[in-house]
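For this one, two forms of the same chain are given in structure tokens, first as structure 1 and then as structure 2.
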Structure 1
């Protein structure tokens, strides 16, 4: 009994670390819903009231939740649904249908998914419908209860709402909003989108059937709140088995958040994105460096994790280019400097490259023009350059106007890291003009 008691209060360091990894990884990966969404109380109250009217009183509604990625749109909706489904009568009646614009890419797929989620595959069977509206009306009719007067409320949740607006004739949106407006059945249409101009994408007939209710989520998080969130995310819960390790870990996290290096790293992350998902990725990378021999997160761990998170993918592509392709990129950089960012074509780039070859022909092989064109096309496939002409059919390849999608600092950084880059090429890149 005494041995068991000792084990409860004091565990080996390795066991403590594995417990810490398990608790914090679960916190970062399986984002649990908070008790109440912080900083969006009015939006929570508004949405809950709206959906309660559909679920309890059978009133049809439509609403859009608009906000940047990571602002908590899905979390707010899930909190409201959780609260709504805790009501006894609502839980038995309400049918949520989740659709995503990235998955349901056309109306036929969306209708199949609606049928599947409403468990009506057997009812539909092999029936053939004349139109989308007829099919949807049949599905909603099948949900009617025995007394014919009342039907089960359906909540249609459309994630990436703006993508549904690109469907042919916007048939799905038109029919869902038409049902919600004409009170054929109790239906709530909830759209989630990060586009502020989403209403401009809707056709006139669709827009006229939408209630124009919008709930905006704009992150008003201050840096001090952001720091507090980092501290709470990394702190251990009070029910941690080893109290001594619990105190040491939480004290080390408090000290870590006061370190100037850590504050600078978090400040740069806060300035680029207040998104909790990107923050959790940063903390996850820092946590993965903790081990039994190093049982705490150090400021250097966060700095290293930040470098991994903020790595420049475009600059990384440059490391894998051939010397010829790199020379073409440098020629484009010089053309950008000379003509102040005006578009260029292959012929201009080739002339610039030939000028360099004439000066430094001993260090770089003289390539034939077809080979240079092939390298130029490869840069276009990698999306390092982009065509500015909309109608490419009429213009020869060599004379199509192009734009460089890299800036000066990205090119110079890639050159420094490029393995065995000829000195002449580096010097050419550093010279003011080609």
Structure 2
């Protein structure tokens, strides 16, 4: 027994690292719910009470959970549901129905999905019978049959609630909310949305039937709490098999979080967005650099990860352009300067480019026009320039009006970093006439 324990406490480093990777990845990829949602205790209590009343007392309710993306709406709901289903009375008594506005794009699909999940009589296997109208009548009939005390409460969970409001006539929402306001089968309608103005989307009679309960998830997390959260996210759980490695890892995490460089990186992240999802992305990148030869997260890892996260994708594209394409971009920049952001066409860009060639180019060949057109089209495909006309077919390619989707600073920065950029091109970029 003791022998085995000794053996366990001294696992090889590689094995420990793979354990760490597994545990932390599970955490970062939303596969495991946290024990307790952080920073939303009152909301948690409110929602739990509400759903418990539906499950236990058969009281119909409707509620909206509103919060920006990544603020933990689904996580909160899942935590509450998990907690609810742990109660013995409730376990067998509720019928959760999950809908998502992105999947159920109209009421017909939504109805089929509800019928399927409720396993009503017109479902055989996974197939739902009947037309749209029949399905609606069937479902309403089913809900009407039930009553508060005898039928099982149904929890309708509508993810991306705002998208349901765009369905024709809001039939589904009206009916669900109407059931929740009448003495039929007990239901709880839980909507999840990130739109603060979601109530304005509802039609007046739908709105009147909604109970106007909104649970807002707006994190007012301070930076200290944010740091604590980072530490707890990276720390290993108590039941980690190798105690020695556990101690080492947790110590290293603690020192990591006190490092000035790391704090700066996290501060800039915190300034940009407070949500956990972007933080977890950052930590995930840092974690992937951990290996058997480097069994801890170093501050530089985090810095590198942050760089990857914050990278400007368009500047990266610029690095991969040819000299000709870069020259065209510079010509466009000058046109933008001259005409103050007015759209341009290929002919204008080409003229500008030719002027540059005639005046001071030493290194650039005189490309044929078809070659330049090709390069121009390539830029369009990369969406660095965008056509302003809606109907492209009518106008000749050379005269289509275009706009540049790059900022001056981006162009200049890209030129600095561009490998072996000819100096005359650089100079031309600085000034059109110099």
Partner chain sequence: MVRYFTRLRVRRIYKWGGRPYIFDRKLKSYGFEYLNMSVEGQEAVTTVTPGQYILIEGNDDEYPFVAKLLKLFGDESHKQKKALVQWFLRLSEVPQNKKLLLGRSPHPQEIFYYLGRACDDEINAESILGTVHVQHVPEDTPFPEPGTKDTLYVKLSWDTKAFNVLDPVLMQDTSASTPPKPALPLFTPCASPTATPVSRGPVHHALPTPDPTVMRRAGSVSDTRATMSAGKRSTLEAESIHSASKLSASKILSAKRRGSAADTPGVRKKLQLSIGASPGKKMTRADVLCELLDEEMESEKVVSLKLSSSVSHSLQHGCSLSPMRSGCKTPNGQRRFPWKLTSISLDRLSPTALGEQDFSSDLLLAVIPLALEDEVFEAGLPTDAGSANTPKKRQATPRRNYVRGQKPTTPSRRKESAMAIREPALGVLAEEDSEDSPMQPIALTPRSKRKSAQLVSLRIRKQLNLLDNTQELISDGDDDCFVPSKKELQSSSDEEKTDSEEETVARKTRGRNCKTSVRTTHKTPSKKVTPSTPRCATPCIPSRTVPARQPGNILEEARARLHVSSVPESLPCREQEFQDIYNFVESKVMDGTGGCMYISGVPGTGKTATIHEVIRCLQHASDMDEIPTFRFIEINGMKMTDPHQAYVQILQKLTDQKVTADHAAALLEKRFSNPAPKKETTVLLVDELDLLWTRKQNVMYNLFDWPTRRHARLVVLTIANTMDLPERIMINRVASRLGLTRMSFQPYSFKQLQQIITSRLNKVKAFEEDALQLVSRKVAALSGDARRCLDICRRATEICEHSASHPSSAGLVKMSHVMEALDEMFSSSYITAIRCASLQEQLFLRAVIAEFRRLGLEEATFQQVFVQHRTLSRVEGLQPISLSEGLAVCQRLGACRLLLLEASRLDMLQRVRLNVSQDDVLYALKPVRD
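Numbering follows the first chain given and starts at 1. Just so you know, these numbers come straight off a predicted model, no measurement behind them. In this text, rigid core is short for the largest set of C-alphas that superpose within 1.5 Å between two forms.
Structure 1, rather than structure 2, originates from the form predicted on its own.
The Cα shift for residue 96 between structure 1 and structure 2, taken after rigid core superposition, is smaller than 2 angstroms.
Positional change of residue 107 between structure 1 and structure 2 stays under 2 Å at the C-alpha, relative to the superposed core. The two forms, fitted on the rigid core, differ between structure 1 and structure 2 by 2 Å or more at the CA of residue 334.
Fit the two forms on the rigid core and the C-alpha of residue 320 turns out 5.9 Å off between structure 1 and structure 2. Core-based superposition between structure 1 and structure 2 puts the Cα shift at residue 369 at 10.7 Å.
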